[in-house]
Every structure is written in structure tokens, then in C-alpha cells.
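A single chain comes next, written as C-alpha cells; it is the form predicted alone.
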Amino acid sequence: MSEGDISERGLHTDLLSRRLLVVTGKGGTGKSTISAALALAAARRGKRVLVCEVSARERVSELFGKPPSGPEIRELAKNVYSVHVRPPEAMREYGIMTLRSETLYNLVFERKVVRYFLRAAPSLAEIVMLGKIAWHAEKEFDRGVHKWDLVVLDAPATGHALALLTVPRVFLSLVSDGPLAADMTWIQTLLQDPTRTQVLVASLPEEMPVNEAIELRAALCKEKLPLGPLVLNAVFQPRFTEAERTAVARGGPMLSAAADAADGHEARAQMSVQYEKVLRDAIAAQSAPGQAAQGPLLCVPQLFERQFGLNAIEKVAHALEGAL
């Protein structure tokens, strides 16, 4: 797809005005790439962006050619920062903020028996990680203004992401009083507010990722989580006519590899067209009658890079900027 084609597919023009963008989808669909590109596109508009990663391995920092950030916030590029949100550090930060005393936290929570029961507590890891991410998005200030104009969450793959985003609802169905319940209430309000949060689902033009993306969006809709664009990544654009492919094939053994490559490319291009239609139909079906589709479909072209790093992120971000 050309940049013009991407623009024609439409993207919420105020997408980057949200406080929190969540990028999820089946593993291997390019979630980290989209997260990094969104951050770079927002930074170019003068926004200060924090990318939060929660998976075991950091990927966004690698894409920018930087070492892993770890639990400390590190700068990746101008106005782009990242942090690896991990349960132990998030738990400590949350405990100190709640108790307002590092000494008291150490006395209570650093005891071996307490740590044992905390690790066994269901969903506690998700609670503290989500709490830290929401705090960065909504409650971290610098000189009276939000420290971050945008927080991008490079979320886990489908099932784990859904579990993470539904933690507040599950918790509040069991507990209705207390400081933690109050925190879960405001976090749930943030997650369900379409003016502040949008969830983007990434897919590939292949059967399994497309089916999973459709099911995930249906589940997100059911949870009343606001849907942003559905990102169809690695879209192949047709390049060769039938006549050109026939001419190459007639070139004999010397051009057999080129003929196979051309046939393979066109087969992937046909798959891209096919699954783009499947996703468009699904978006229309998931939208309420008489209402606009829930989040447009955004097609990102397949990039042919020897090494997928900052150069590739620059290209994806440039394509996104064209749509924005």
C-alpha cells in the first residue's frame, strides 16, 4: 500500500490526542513496531511520549537501537521514552505511594512471609502493573502539567492483554471499598473513556491472526473498552501483471528464481486483499446499526528491510503521519 492508500483507509484524526493508546493482538503481528511508530509520530508533533512495555523481553528499545530500559525510564529518541513495567518494582512503587512511607513499606511488605502471600495473590501482578501505567498516563505531573502527553502501552498478546485490561472490573466485582477499590474505579474509568483511551488491535493478512483479531475486538467491545484502528500489518501491494510474470517465466532456468519470487509476491498480495475485506466486513458487523464502524482499518505496507530497526520504524511512522 502506498502512503496515499494508508491515508484513504482513514485513522482517527485525533488518535494521538488520547492519554493512553494500547496496542495488542496475536503474537508476531508487529505490536511493538506499531507502538514504536505511534510514539515516534506523536513525538514529531511535539508530544512527550512514554512507551510502557510489560512483556518479559523489551522490544521497543531494540527497535530504536538502544539497550533495554529496565524499570528506569530511559530516552530512546527526542521526546520518546520507554520503561519496562515489571511486577516487583511496580508493587514497591504502588506500596510506597499508598503508605506514603518507604520505611513503613519495607517493614510490612519486605517480610519474607508477606512476599510469599503477595506472589500467590491472584491478579496482583496485573493490578500493580496496570496501576503504574495508568498513573503515568493520568497522575504523573511535572510543574503542574502532565509529564507525558501520551502513554503507549505495548501490551501482551491477545489473551493476556484482555486479562490485564479487565482487572479493574474483575476486582470491583469482588471488592467495593477501600483504597485499592478506589484506584481500580478510576483506572476502569480511564480505560473505558474513548476520549482518553483507545485500544488498537494488530493483525497480519493471514487466517489465524485475522480470526484472532476479530474475536479480540468482539471481546473488547463486550468489556466496553474503546476500540481504535484495527491495524493490518505487512500488507503486500501488487507489483507484477500477469503478462510480466509470464515473460519472466519464459526466461528459462536463469530466471526461475525470479519467476518464483514474483509468483510468491503476487500470492501474498492477493491474500492481503482477501483478508482486508474480511476485516472490513467484521468491523462493519461489530458496529451498532446506524453507527460508524468501530475504529477504521489501517493498512501498513510490508517493509523489505535487511535489518528491522530504527530505519523501518521511521518508515512506518512516516506512513502514519500521512494518515494523521
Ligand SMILES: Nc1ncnc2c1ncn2[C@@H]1O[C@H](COP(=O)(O)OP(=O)(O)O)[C@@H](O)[C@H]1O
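Owing to the predicted nature of the structure, the values given are computational and were not obtained by experimental measurement. Throughout, we count residues from 1 along the sequence that is shown.
Here the subject shifts to the form predicted together with this ligand, a form of this protein not shown in this document.
Exactly one of the stretches 174-182, 134-142, 80-88, 229-237 approaches this ligand in the predicted bound form with heavy atoms within 4.5 Å, and it is 229-237. Although the partner is absent here, residue 22 is not a contact residue: none of its heavy atoms lies within 4.5 angstroms of this ligand in the predicted bound form.
The shortest heavy atom separation between residue 208 and this ligand in the predicted bound form is within 4.5 Å.
Mapping the unseen interface onto this chain, residue 29 counts among the residues with a heavy atom inside 4.5 Å of this ligand in the predicted bound form. With a 4.5 Å cutoff on heavy atoms, residue 265 does not count as touching this ligand in the predicted bound form; it lies far away. Proximity to this ligand in the predicted bound form, defined as a heavy atom within 4.5 Å, singles out one entry of 59, 44, 48, 280, which is 59. Contacts between 70-91 and this ligand, taken as any heavy atom within 4.5 Å in the predicted bound form, involve no residue at all.
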